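Next up: just one chain, as C-alpha cells, the form predicted on its own.
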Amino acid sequence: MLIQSLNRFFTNTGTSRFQWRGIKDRLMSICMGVGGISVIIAIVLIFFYLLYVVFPMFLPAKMDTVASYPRPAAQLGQTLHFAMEEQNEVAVRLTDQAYAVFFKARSGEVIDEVRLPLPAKAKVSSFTHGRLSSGLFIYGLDNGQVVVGQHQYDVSYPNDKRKITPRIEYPFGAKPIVADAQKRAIQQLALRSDEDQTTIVVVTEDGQLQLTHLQKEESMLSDEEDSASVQISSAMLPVVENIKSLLIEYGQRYLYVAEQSGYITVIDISEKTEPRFVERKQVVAEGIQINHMTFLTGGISLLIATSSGDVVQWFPVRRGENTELTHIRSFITEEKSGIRDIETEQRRKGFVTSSGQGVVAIHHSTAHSTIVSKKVSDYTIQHVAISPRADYVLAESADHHIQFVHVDNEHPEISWAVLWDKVWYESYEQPDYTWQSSSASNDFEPKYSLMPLAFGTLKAAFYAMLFAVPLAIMGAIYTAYFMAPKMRTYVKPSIEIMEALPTVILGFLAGLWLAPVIESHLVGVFAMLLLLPLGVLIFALAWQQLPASIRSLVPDGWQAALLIPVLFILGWMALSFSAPMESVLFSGDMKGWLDRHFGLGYDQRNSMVVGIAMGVAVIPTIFSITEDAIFSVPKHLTFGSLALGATPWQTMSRVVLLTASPGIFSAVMIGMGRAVGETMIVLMATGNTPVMDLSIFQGMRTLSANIAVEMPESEVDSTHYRILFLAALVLFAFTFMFNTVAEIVRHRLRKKYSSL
C-alpha cells in the first residue's frame, strides 16, 4: 500500500519513471542497511548481556574490616569458640569458665551472659562443638562428666522491627552426662548428634579412648513427645597415643583420631558396643605436626592444618570392596608459623583459616584455590568464625581484640579447573568431568563442569550431521541437476516446507515413538543400513537390463520416483525380519550381546534417536541452500563441459560441484550451527544425562537442553544462574565460530573457483 501510494504521489507530481526508480532503489538500500545494522546490534547486545551476567563470577573476592573492639566480657574467661547467627547481628563467645557470652557482632556490646550448669568444684578441661549449623557444643570436665549445650536464636518483630533473642538450650537436660565412670579428667572429646542418636567420644587424662552412645527410644503406645526415653551405652576404644584431635563422621559410623605426629587412625564405630580398628594413615610428612583437624561441610572430607602452614584435604575413596583414606589436594599457604584455626562454611565447600601472623584467609576446596586473604591484626589470630551466609568473619587476636570483617565472596566455586578440567569430588573414586548442579542436601558439593555439556552438544550435532549431510547433499545434487523440472517443482517445496515443522513435534515423536521402535527393532535398523543401499543398486542394475522400450515409458528425470516403493518395501522387510535375525545372530538379545562383548550399554533415548530426529530437522536447511547453489551454477559452464565431451557425472563432479562449493559448504556449516543450538529435540529424545561417552547407544545432555531444564529452577544471580548464562555464552561462541569459519572458507572457495 505504501509503495502504491508513493507511485500515485510521484505520478501526480510529474516525477519521471527513472527518477522514481532511483528513489525506490535508495529507499530499499536504506531499509536493507538499517535492517542489517539492527541485526548486528541485536547480536552484539545479546553477547554483552550474556557477558554482563557472567562477568561477576570472575570478580576477585574482597575482605574489609568493619569494626574492631575489645573482647566482650573478658573477665569471664578465655575464648574457646565463636559463632554467629543467620543475620550477623548476634554472636556468641563460649569461654573456658563455661560461660556463653552473647554480644552484638558489629559493636561487641554484651547482650546476655549465661553460665552453664556445672557441678560444684568441677572445672572445664576440654571443649568442642558439633555441627556448626546445629549450634551444639560440649564441655568436658575434670570429673569425667560432659555438659552438652546448644545456642539458639528466637526472631520476633515487635513494632515491625526485627529482634533477635539468644538463649542456651540443653538437649539432654541440664544435668551432666557421665562419660568416664572413673571420674578422670576429659582431655579431648568429640560430639555428633542427630534426631535419633548421639555419640560422644572422650580421651581421659591417662590417654584412654571411651565412647558414650545415647539412643532415643520412643514408646509405641503413646504419641506424646515426652514418651521417648534415652538409652545410654558405653564402650572402650582401641588405644591411640599422642592424640591431638577427635572427629566423628556425620553418619556416626567412623571415628577419626589425629595424632600430633602426623598420623590418623580410623575406627569403625557403627556397632557402638563393638568398635573395631580400620586403618592408620600418615597424612603429613615426617617432622610436620597436625595443628588442627575438622570436617569440611558434609562430613566427608577431613581438613588438616599442619605446623608448616599448609592445609591438606583427605577423604575416604572406595578401592574394591573397601574404602581407603586418600589424599586429595593441598592448600599451600605462606603462613610458616602454622595455621592456628580452621572454620568451615555451613553451606558451601569453603573454609577460613587463621595464622600466627594475623592473616585470615578464605579457601574453597572444590575450586582448589585460596579465594582471598587479608592481614587483619598485628597479633596471632587465635580463633576465627564465619557466619552462616559466609559474608562476615569474626577473628580474635592475641591482644584480646575482635575484628569484625565483611567478606564479598559470592562465587567461590568457580575456577578454570572446575569448568573445564577434571575435579576429584567427594565420594568419587577418581577425578572426573561432572555436571550436577543441585541436590536436596545443603551439604551437597556442586559440580559445574561444562565439559560434559559441550561434549554432548558436539556429539548430538555430529550424529545429526552424519545422518543429514549425505542425504541432504546427495538429494540436492539429484534434484538440481538430474531431476525433471516438473518433478523438481513438487520435490523442492515439499522438502523445504519440512523446515516449518516445529522441533517440539519432532522431539515428541522421537522420544515417545521412534525410540521404542528402534529399541525393539535394533537389528532391523542396522540391517537397513546395508539393505537399502544394496537394494537400490540391485534395482538400478535390473532397470538398466530392461529393454529400452520399457525404460522409455518413464520420462527422463522421473526415474527416482520408482525408488520410493522400493525403499518402503526394503525398510519393511528389514524391520519385519528384525526379531528372527536377532534370535539367530544374537541369541535374541542384541543389547546384551553388545554389553558382553564390547561393554556398550544401551539407553532407549540415545544418540541414534537424536541423530535421526535432529537430522530430519536439519536436512531441509542443508538441502535448500545446497540445491540453490547447484541450480544457480551458470548454464554455459555445464553446456561447455558437455560440448567438450564430458559425461554428465564428470560435469557434475568437476565443474558444477566446484563452482557451487562455497554455497554447499555454507549449507553444511549453517546446518551444523542449527544442530548445535537445537533444544527441544535433544531435550525430549535423550535421557539428558551429562555423560561423556562416544557410544551411539548412550544419551547426552547439551548446553541448550541444560539451560532449558535448569533455568526455571535457578535462583537469580546465584552461581548456578550465572553458570547457565555462561553455558549460553559458550553456545553463542560455538555458533559464532561455525558461522565465521563458514564465511572464511566460503570466500576462499569463491575466490578459488570464480575463474571457472
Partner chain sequence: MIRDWFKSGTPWIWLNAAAVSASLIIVLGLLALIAVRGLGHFWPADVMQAQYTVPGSSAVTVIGELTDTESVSLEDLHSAGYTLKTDKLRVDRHLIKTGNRDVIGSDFRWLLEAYLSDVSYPQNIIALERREWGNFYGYLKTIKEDGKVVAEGDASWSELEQRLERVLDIFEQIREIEKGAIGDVNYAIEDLRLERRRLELGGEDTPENLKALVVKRQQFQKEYEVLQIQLNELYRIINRDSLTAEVMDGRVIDISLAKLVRIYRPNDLSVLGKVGFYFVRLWEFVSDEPREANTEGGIFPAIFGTVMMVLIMSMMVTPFGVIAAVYLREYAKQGPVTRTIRIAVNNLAGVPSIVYGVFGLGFFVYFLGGNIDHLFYPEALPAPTFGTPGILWSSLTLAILTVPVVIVATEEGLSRIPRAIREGSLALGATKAETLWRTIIPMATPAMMTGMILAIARAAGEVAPLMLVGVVKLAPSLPLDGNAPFLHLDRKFMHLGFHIYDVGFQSPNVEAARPLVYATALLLVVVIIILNLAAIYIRNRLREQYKGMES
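What you see is a predicted model; the values in this text were computed from it and never measured. Here the rigid core means the biggest group of C-alpha atoms that line up within 1.5 Å when the two forms are laid on top of each other. Residue numbers count along the first chain shown, from 1.
Keep in mind that the form predicted together with its partner chain is missing from the display, and what follows is about it.
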With its partner chain left out here, work out from 429-437, 486-494, 260-268, 83-91 which stretch has heavy atoms within 4.5 Å of it in the predicted bound form.
-> 486-494
Could you spot which one of G511, G358, G77, G309 gets a heavy atom to within 4.5 Å of its partner chain in the predicted bound form?
-> G511
If we test each of A67, L694, L59, I43 for a heavy atom within 4.5 Å of its partner chain in the predicted bound form, the one that passes is I43
Any of the heavy atoms of A643 lying within 4.5 Å of its partner chain in the predicted bound form?
-> no
R192 within 4.5 Å of its partner chain in the predicted bound form, heavy atoms = no
With the partner left out of view, is F526 within 4.5 angstroms of its partner chain in the predicted bound form by any non-hydrogen atom?
-> no
Give a yes/no on whether A708 approaches its partner chain to within 4.5 Å in the predicted bound form, heavy atoms considered.
-> yes
Contact test, all of L118, G338 and I402, partner its partner chain in the predicted bound form, heavy atom 4.5 Å = no
Along 710-736, which positions have a non-hydrogen atom within 4.5 Å of its partner chain in the predicted bound form?
-> M711, P712, V716, Y721, F725, A728, L731, F732, T735, F736
Taking the rigid core as the frame, does A480 move its C-alpha by 2 Å or more between this form and the one not shown?
-> yes
Core superposition between this form and the one not shown, C-alpha change of M581 at least 2 Å = yes
Would you say whether Q544 is displaced between this form and the one not shown, judging by a C-alpha shift of 2 Å or more on the superposed rigid core?
-> yes
